[in-house]
Each structure stands twice: as structure tokens, then as C-alpha cells.
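Just one chain follows, in the form predicted alone, and it is written as C-alpha cells.
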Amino acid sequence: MVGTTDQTLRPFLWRAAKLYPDREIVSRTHEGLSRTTYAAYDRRVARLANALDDAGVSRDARVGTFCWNHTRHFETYFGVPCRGSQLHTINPLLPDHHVQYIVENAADELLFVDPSLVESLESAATDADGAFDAVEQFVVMGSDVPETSLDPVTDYESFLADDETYDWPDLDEERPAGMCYTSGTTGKPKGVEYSQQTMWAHTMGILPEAGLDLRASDVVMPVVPMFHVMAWGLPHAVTAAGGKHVYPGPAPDPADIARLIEDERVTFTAGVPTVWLGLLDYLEENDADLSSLERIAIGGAAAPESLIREYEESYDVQVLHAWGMTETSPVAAAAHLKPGMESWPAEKRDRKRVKQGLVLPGLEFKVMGEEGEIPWNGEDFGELWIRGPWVTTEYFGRPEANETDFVDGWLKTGDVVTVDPEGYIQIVDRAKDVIKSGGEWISSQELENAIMAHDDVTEATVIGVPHEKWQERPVAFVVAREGVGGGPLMADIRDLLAEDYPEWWLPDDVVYVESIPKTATGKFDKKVLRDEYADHEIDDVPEEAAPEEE
């Protein structure tokens, strides 16, 4: 039975509009910088909901977005699910065949598309073999429509209805409200549905100090794309808190990010490590005032210890290492220090902060090995299993994946982890990325983090390449700082790793590259490297590429 006490998204916007009507929402757009308030935003959301009604979009429909981070995209975050429809954010950086599969699989009735992404969507829609047949309307997120083959098409401002009020329905908390797809680097993307209750619970999970510690006084800029698991839930959570939103707009570069932090007095921001490494490089050559910035949440890939230390020591900014997946809505753990740890020496503190951290309140996890559950000793490792109110229990229309990835309500994450006695989770590797040499495991992620600590390295990743004797051996791919490279750096890297790791762990080759291929969500794409270097020959292999028998 539907009741007014069901856990849904609508009360978050109602509260923000009533209690914080003048709090700002700022955005870079294709047309310049825009400013609005929660009160005005609430009226725009009502106009969008009325427009969807007028366009004949059913309440049970999925509505897709193919957009960057800006205010108009944010309007869909409440306008679509609060009328009862399902918001489906599509990653515009995916290859055409993945976009085609996703649109067809989701059966989107309407697609919102950014002006700068119209050509990309056209490319995916061309020769799509019926993938776009369910789409009845394209809406360009602007005030006009560029020349396009998309049809029928209109601009967003013309699409919006005039009526600024809406009779919002009482929704069942189990009603589907959102949908995202995994990146699909090892096969077809998998759809994950979020109910009203799922998104409500995730919002309540990341609001408090044990989550991302979001407050009404915060000025929050999600650099993580809004198409990537709903910008880690920040648009909904910041609204629930009554904070100020700042959206960096289409394809922001480090200069854009620095300028927005300075001009809008951003206090909290979030994104993948490559974004914050790029900002550090920018700050070496350019002045910017980061004095307002208090916290950066980093996820999507491991944050190097050197990055955490640099922001703290040079800019007095705390880096919060977080972990999650599309399947966990996504935030599930954060590396907050426990009481008393703040007084530890910096090096000891950083060893905790570089981990994926403590599971958020409301979630449970366990670590499973071949013989059962693994103890919390910081040494033994196994696969992380997790469950809770914002963790999915199935994939959309993928029964074969459901059978392998879920057990009795537990999500098998595919992350290989250790847990220390204080309960801090540390990802050793993805199950598919662990390197098996001579029957023993080598963590590619640990090696990457150690290499990234070198001052002359800007990016690094490690993969296992096939080896006739040892099955696999590690090879490192390194992007060196400008003017650095060659044999001396390779020797430095091996010497650095030898301080903490046995000889058989050390990469047998260091390959210098201009850039490391990345997935559509900004992670290093190891699959591309594994395919390209499957026949890579290693000249100098250690005599023992596995530990000696005791």
C-alpha cells in the first residue's frame, strides 16, 4: 500500500525549496555560467514533469539522458523520478555499439541530449538495427536545435511546459526511479535499477559524517560525471542537505575546475584520481585560490598516497578515499579515521587513509576465500561480498549474471580485498586484474600505487602478460613527467619497489607511454593493454618468479 511515509525522493526537494529557497545552483553551460535558486529550480522541475505528461511519456517509462554536468541535467534528477518514471543516465563516452545495446535494452521512450553530444548520439543511432525504435522524442539540452538527423527533435526550453505547479503523485517506495549500466569492459554492460527506496537510503547513507559528511553550509561541485552512477548520488544528497550546487559543465579542464573552486568558494568536490592529478599539474604552473576547499572525495580507482599527502600538505585539503560500484548505488565505504587516529604520525595515518575504508552504516560485508570466510588480519585476502538497502540484488534482464554474481542476497563484488583488525577494507585488486605468477598472486594495484609515489611519474598501471613458464609476469606502463624517461627511471622504479616487495613481485619490464588508455568512466583500461601486449616479450625474467618453498 502506498503511503505518504514511504521513502521516496520528493521530500528532499520539497524541503530544499521550503527551507533553503534562496540557496544557489550554479552551472557552466554551453551558453555560459547560469545561476538559479532552489525555489526557481522547484518551479522548473514542475515544468519538466508537465512537459513529460504533455509529450505522452508514460509514468512507467524510462527516460534517458546523454548529458554533461549542468543545471538542466540536474532538473531531470527530480523531474523524471518524482512523476513516477525512471531516469536512465547514459555514458556518452561509451562506444556506439554499447550505447545502442543500452538504449535498446532499457527501451527508453525519450532521450535528452547535450548540444555538444548530438553528433555522438547521431553516430550511435545510425544503423542501430532498431535499437532506437522505442525512442519517441529527442530533446536537445539548450534553447535551440543544431542541424541533426535525430527525429523528432526539439530544444529543452521549448519542450518545457508553462505550468510551474505539478500534482506530484504518492509513489510506492519500491517503484523504479533510476537506472545505470556498468561500463561493460569485459562484455555487454549490465543494467542496475534503483528504486525510490534505494536512492532514498543511499542519500541518507552518504549524508552523515560516516558517509561523505554533507552539510547545508557546503558548496558542492560534483566533477564525477552525472552519467556515472548519478554523480555518486551527490545531486540528491546535496539537495537533501540544503547545500549549494556547482556543476562544472561540458568537459571541464583543470583551469575550469580551479576557477569554479575559487569563484564559487567550493568546499567539497568529488571525482576519479586522474582529475585531481591533473589539477595538481595545473597548479604547479598556475595560481589559484583553493582556500575554500576542505574535502575531496576520490573513488573509481585507488588514490595514490602521494596525492593524498600533496593535497593535505600543500593546500590543507583532506582527501577522503571512498569505494563503491554501480551495484552499490554507488558509495559503500569511506576511509574516515577513527577517534584517536588523527594524532598518529602522518605516515601511519596515510596508511589508513589510502585504504578503501570503513563500510557505511546500514551495510554489511564479508570476505570469502576458497575455504570460507577470511579473518580480519590485514594479510589474508579474498573476494568482497556486500549487502544492504542500497545494494542491488539482481541485474536488469540478465539471469545468467544473476546466477553467478549474487548468493543469498549477497553481491559478489569481484574485488579482492584484505581487512585489517580495525575493519578497514583495502582492495588488493579486481579479481580479473590479479597477476598469477608461478601459482602465487601479485597485486597489480599495490604495485601501481607504489610506482605512482615516484616524483617523476604522473600515471602508472600494471598488467600481467602471458609467460610460458610462470603463467603471467607483471609489466608496468608508465607516463613520465615531461623531460623524464629512459633507463634511469626504470632503475629508480625497481629500486623503489624493492624496498617493500620481494624480487618476484617486481615488474619485468617498464614500458613508457604517452598516455594510458582509459575506460569511459576514467579508469585505466587494462583490457586494452592486455590485448595489445598479449605477445609482449620480456628479456630479463628473474630466475624465481614465485616465492621459495619454506
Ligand code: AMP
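Position 1 is the first residue in the sequence shown; the rest follow in order. Heads up, when I say rigid core I mean the largest set of C-alphas that superpose within 1.5 Å between the two forms. Just so you know, these numbers come straight off a predicted model, no measurement behind them.
Although not depicted, the form predicted in complex with the ligand is the subject of the following passage.
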| property | result |
| --- | --- |
| Option touching the ligand, based on a heavy atom within 4.5 Å in the predicted complex, out of Gly233, Gly324, Gly178, Pro222 | Gly324 |
| Heavy atom within 4.5 Å of the ligand in the predicted complex - the one residue of Lys469, Lys432, Lys348, Lys338 that qualifies | Lys432 |
| Interface stretch in the predicted complex with the ligand - options 262-270, 296-304, 361-369, 458-466, non-hydrogen atom within 4.5 Å | 296-304 |
| Heavy atom of Arg215 within 4.5 Å of the ligand in the predicted complex | no |
| 4.5 Å heavy atom contact, Lys436 and the ligand in the predicted complex | yes |
| Distance check, Gln356 to the ligand in the predicted complex, heavy atom within 4.5 Å | yes |
| Any non-hydrogen atom of Thr182 within 4.5 angstroms of the ligand in the predicted complex | yes |
| Site check Ala46, Ala49 and Asp172: each within 4.5 Å of the ligand in the predicted complex by heavy atom | no |
| Residues from 408-432 in contact with the ligand (non-hydrogen atom within 4.5 Å) in the predicted complex | Thr413, Asp415, Ile427, Arg430, Lys432 |
| Glu383 C-alpha shift between the shown form and the other one of 2 Å or more, rigid core reference | no |
| Large Cα shift (2 Å or above) at Glu472 between the shown form and the other one, core-fitted | yes |
